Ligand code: COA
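Before any questions on binding or motion, here is one chain by itself as structure tokens, the form predicted on its own.
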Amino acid sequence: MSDEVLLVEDVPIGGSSPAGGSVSVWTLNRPEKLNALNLQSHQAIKAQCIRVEADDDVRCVVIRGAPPPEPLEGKRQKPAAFAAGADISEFVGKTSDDVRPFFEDNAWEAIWNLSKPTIAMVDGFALGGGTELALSCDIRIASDRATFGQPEINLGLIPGGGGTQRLCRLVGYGKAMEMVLTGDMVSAQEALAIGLINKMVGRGDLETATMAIAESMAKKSPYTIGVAKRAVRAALDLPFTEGVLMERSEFVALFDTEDKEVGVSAFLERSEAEWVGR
């Protein structure tokens, strides 16, 4: 197993346009620690966010956890994990002055601020900072053995990576309060029912289902995808009337783009759109 805390593979997507499109797959690679997020994990994720934001070929990002290693003889198999929270050993003896710089410049916000679509592919435990990492993504696809939770209350803490805010907007005030104040875990089945995840599939189908969505988005106009994400995201920050006005402005502006003409012509001609990305 590589010593790198984050493994990165840019998977080419055939049929994307402009040509050369890829899905960047990031694998959290600390399986012996259930892929818990440490300082190095955050630094690696932030570096990759800078890279893909500047790389026009990367059309979508998928984040997943490394599978558990094979157990040594006589040892129990470690469970699957997306990311089982933060590495709590890094919290010992720390004061607010020690941790504030880290939390003011963290991986959760770096992912959240990407202009490109992001998908969390969750298998096994996604707890604490792991749930927050999934919440920082635009879409969450989970296996039927995925488990979510914000157990920080059991450490005398609260979620610090945007969990209280994103969870509340996604599942509602009451359920967010229950999860944060009890620290209880939520099964994949319940996560689907409350809207925490977009889709639940069998563990053997997780990668196929996730990549199918990623590839679908990667084949759209990359320019229009960015506009669409920006417009939907505005719903979280703007009052309704202002949001509708913002959407209208974005919609009208797209009529001046080359990709609008490409898309409309392809539709009328019943052909595949060959996007130009502007």
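Because the structure is predicted, anything quoted here is derived from the model rather than measured. One rule holds for the numbers: they count along the sequence shown, beginning at 1.
Just so it is clear, the following notes concern the form predicted together with the named molecule, a form of the same protein that is not shown.
Can Met177 be called a contact residue for the named molecule in the predicted complex at 4.5 Å between heavy atoms?
-> Contact check for Met177: no, nothing within 4.5 Å of the named molecule in the predicted complex.
Closest heavy atom of Glu70 to the named molecule in the predicted complex, within 4.5 Å or not?
-> Glu70 lies outside the contact set for the named molecule.
Does Pro151 reach the named molecule in the predicted complex, with heavy atoms at most 4.5 Å apart?
-> Answer yes; at least one heavy atom of Pro151 falls within 4.5 Å of the named molecule in the predicted complex.
In the predicted complex, Gly172 touching the named molecule (heavy atom, 4.5 Å) | Gly172: no, not in contact with the named molecule in the predicted complex.
Which one of Ala66, Ala36, Ile213, Ile45 is close to the named molecule in the predicted complex, taking close to mean a heavy atom within 4.5 Å?
-> Answer to the contact question: Ala36.
Have a look at Ala86, Cys137, Val186, Ile197 for me and say which one sits with a heavy atom within 4.5 Å of the named molecule in the predicted complex.
-> Among Ala86, Cys137, Val186, Ile197, a heavy atom within 4.5 Å of the named molecule in the predicted complex occurs only for Ala86.
With the partner removed from view, which of 214-222, 46-54, 243-251, 25-33 is the stretch that lies within 4.5 Å of the named molecule in the predicted complex, judged by heavy atom distances?
-> Within 4.5 Å of the partner lies stretch 25-33.
Neighbours of the named molecule in the predicted complex among 116-137 [non-hydrogen atom within 4.5 angstroms] | The stretch touches the partner through Phe125, Leu127, Gly128.
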